[in-house]
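The chain below stands alone and is given as structure tokens, in the form predicted alone.
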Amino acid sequence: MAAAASRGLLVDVHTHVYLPRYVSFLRSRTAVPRVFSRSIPEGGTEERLLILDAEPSGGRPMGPQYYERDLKLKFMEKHGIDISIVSSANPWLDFLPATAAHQLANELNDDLETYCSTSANVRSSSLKQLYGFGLLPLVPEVTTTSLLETVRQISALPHLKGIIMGSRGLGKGLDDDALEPVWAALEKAGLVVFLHPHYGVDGKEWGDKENGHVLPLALGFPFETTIAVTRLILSGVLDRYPNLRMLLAHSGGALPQLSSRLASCIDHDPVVASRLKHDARFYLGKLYFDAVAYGSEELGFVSDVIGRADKFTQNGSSAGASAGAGVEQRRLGSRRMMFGTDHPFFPPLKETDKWKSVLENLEAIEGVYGWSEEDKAGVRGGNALALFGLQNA
């Protein structure tokens, strides 16, 4: 791809779709998760998506923007987005028996390949507007053979660049020993793992007052990610598979903020003190983070934490680890951060030309103190092009 074609590309790494085959399947269901129709006070009916038991507000309205590709492309055009790395949205296949999950995963992966491969080229280059994260049948009782077959399927589909994975893995979490051959296969294939929450935390924590989806989404999702990745780190997966590429949704939840507390707790606990090759803070520099945080200060802090990670190698010293922290550390951390929109979620409540949620994320990137124009361009698109191997596509 010519250098001029890649200059200034805006790449969205966190954008979802409910593929038509999946929507039809959810419409056929009577148990959660499902899509159902109900009457509305204004007259007529609306479809609603219900993905969890006792979900606030009886789920959420589901319109064609959830599954029609033309609307995805129009959204991209409106916001100046050149490329989207599209992922199937939760709850994925978590609720299915193993055989059904395997079959539907294969069908949806083929559907997503078609969805992406038939999109237009970008700026007279060989790049497409759309690429995707495939699905694995990550459910209890699935066989390793089934999982590895699906990894091979995804690897052979040229427009699928990774997989999306929930926090429960095969049902027991990301530290489950049964996932070992999956991590090995994903590392070998060079597929990016996009880790995305679904279950949040115990809903009893939100109390009895009606607050819509605010507490589960603003707090429950990031805390779920924080716990899942911490368990992954503690299990030693990132030591055993150092080239595994994992992208965390919502800027890694609370993990950057709590990483030093995590390291101290590990250091003082005889059960785990000698388990890892490095200080826990080192592993944040092995991960990738979307920039779906909506604030410049938050993005700056996350990039600081990523940028300091190499100070915590096995042979490094945590003493004086803050020495030298500053602009260069922040700039270094920016290289593992990438723009996202979370489309089609968080639409504006009032009619607007552009989505506030998208503008907030772009303004946040632009406003990070210490990031150069080159750093900002990397977060907006260059880092994603490198991670997903699209620089020379």
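Just so it is clear, the model here is predicted, and its values are computed rather than measured. Residue indices: 1-based, along the sequence shown.
Omitted here: the form predicted together with another copy of the chain. The next part is about that form.
Asker: Please tell me which of Ala189, Ala156, Val214, Leu148 lies within 4.5 Å of another copy of the chain in the predicted complex, judged by heavy atoms.
Answerer: Going through each option in turn, the one that passes is Val214.
Asker: Report the residue, out of Leu258, Ala184, Leu73, Ala100, that has at least one non-hydrogen atom within 4.5 angstroms of another copy of the chain in the predicted complex.
Answerer: Checked against the cut-off, the match is Leu258.
Asker: Whether Ala54, Phe133 and Leu179 jointly form a contact site for another copy of the chain in the predicted complex is the question; each needs a heavy atom within 4.5 Å.
Answerer: Checking in the predicted complex: none of Ala54, Phe133 and Leu179 is within 4.5 Å of another copy of the chain.
Asker: Would you check, heavy atoms only and a 4.5 Å threshold, whether Thr230 touches another copy of the chain in the predicted complex?
Answerer: Yes, Thr230 sits close enough to another copy of the chain in the predicted complex that at least one of its heavy atoms falls within 4.5 Å.
Asker: Would Arg281 count as touching another copy of the chain in the predicted complex under a 4.5 Å heavy atom rule?
Answerer: Residue-level check for Arg281: yes, a contact with another copy of the chain.
Asker: So in the predicted complex, does Glu360 come within 4.5 Å of another copy of the chain, heavy atom to heavy atom?
Answerer: The answer is yes: Glu360 has a heavy atom within 4.5 Å of another copy of the chain.
Asker: So, Leu170 and another copy of the chain: in the predicted complex, are they within 4.5 Å at any heavy atom pair?
Answerer: Looking in the predicted complex, residue contacts with another copy of the chain do not include Leu170, since no heavy atom lies within 4.5 Å.
Asker: So which stretch, 92-100, 204-212, 106-114, 120-128, is the one near another copy of the chain in the predicted complex (non-hydrogen atoms, 4.5 Å)?
Answerer: Of the options given, it is 204-212.
Asker: From first to last in sequence, which residues of 261-290 have any non-hydrogen atom within 4.5 angstroms of another copy of the chain in the predicted complex?
Answerer: Sequence-ordered list: Arg261, Leu262, Ser264, Cys265, Ile266, Asp267, His268, Asp269, Pro270, Val271, Val272, Ala273, Arg275, Arg281.
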